[in-house]
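Shown below, as structure tokens, is a lone chain in the form predicted alone; questions about how it binds or moves come after it.
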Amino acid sequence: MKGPALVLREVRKVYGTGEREVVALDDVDLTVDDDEMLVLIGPSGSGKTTLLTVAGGLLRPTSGSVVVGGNEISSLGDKALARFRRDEIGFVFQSVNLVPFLTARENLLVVRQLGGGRIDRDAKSRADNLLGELSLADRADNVPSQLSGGEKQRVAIGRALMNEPALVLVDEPTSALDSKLGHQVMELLHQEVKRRGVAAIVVTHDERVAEFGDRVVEIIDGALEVAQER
């Protein structure tokens, strides 16, 4: 048994020193099960994105422990941490961050290349299957400038799932979408995460996203305030 997908123990993140010290995360304890979708809500500046980036190993905590899939990552060296992120964690950023000169299919395949893998028949088949599941089969050869906002977000979800991660971290997936498209994207994300039995944390200020969570947690001033089972 490798344990929960994510365990944060007394995680603290502080920026600055002295009078300029800002506590972004205040001794956070959080466990996310390996098949759970957790929705993290809170006002702007509450620490949502900081928690996400610390959980994903993009930012090191000032103190505390970050364990992903049974692996303590907060003490890993830079190269080992980069490898771990690449292989075990999928990210969907608010700004989407697709490579502008690559097609939708190539944006998924490049993840396999970054992982040191080959673009073989299996990789191409996985990319095409993901695009099909995300209703993007007919957009596989389009570059991002030829895609709508909702389509770009779905490509980003496919990219996050390409290396079969243990944990998917999603930052404000509906922020650039109208309510109908936002709901469609969240339905697809929920479907893909549950189909694969992986864990996900979805950070949002949009309370309508909460309906997709197995659990909703609120963060205020760097501290987890409310936990709500769905």
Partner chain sequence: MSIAFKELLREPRRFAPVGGALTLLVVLLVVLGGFLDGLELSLTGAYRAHDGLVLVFDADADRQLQRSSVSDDLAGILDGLDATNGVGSLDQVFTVAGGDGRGLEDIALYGYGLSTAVLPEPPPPGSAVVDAQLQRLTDIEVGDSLEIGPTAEPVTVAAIVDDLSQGAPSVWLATDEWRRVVSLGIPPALPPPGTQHALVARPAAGDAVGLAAELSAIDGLDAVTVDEAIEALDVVQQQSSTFEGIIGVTFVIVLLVVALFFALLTLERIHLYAVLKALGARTGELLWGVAIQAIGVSAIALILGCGLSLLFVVLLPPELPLRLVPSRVVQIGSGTMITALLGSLFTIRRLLRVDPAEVIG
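Numbering follows the first chain given and starts at 1. Since the model is a prediction, treat every value here as computed from it, not as a measurement.
Keep in mind that the form predicted together with its partner chain is not shown, yet the notes after this line are about it.
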Given the stretches 124 to 132, 102 to 110, 146 to 154, 69 to 77, which is the single one in contact with its partner chain in the model of the complex, using a heavy atom cutoff of 4.5 Å? 102 to 110
Residue within 4.5 Å of its partner chain in the model of the complex by heavy atom, from 30, 198, 52, 188, is 52
Is there a heavy atom of residue 118 no more than 4.5 Å from a heavy atom of its partner chain in the model of the complex? no
If we define contact as a non-hydrogen atom of the residue within 4.5 angstroms of the partner, is residue 85 a contact of its partner chain in the model of the complex? yes
At the 4.5 Å heavy atom threshold, is residue 192 in contact with its partner chain in the model of the complex? no
Would residue 58 sit within 4.5 Å of its partner chain in the model of the complex, counting heavy atoms only? yes
Within 150 to 167, which residues have a heavy atom closer than or equal to 4.5 Å from its partner chain in the model of the complex? 159
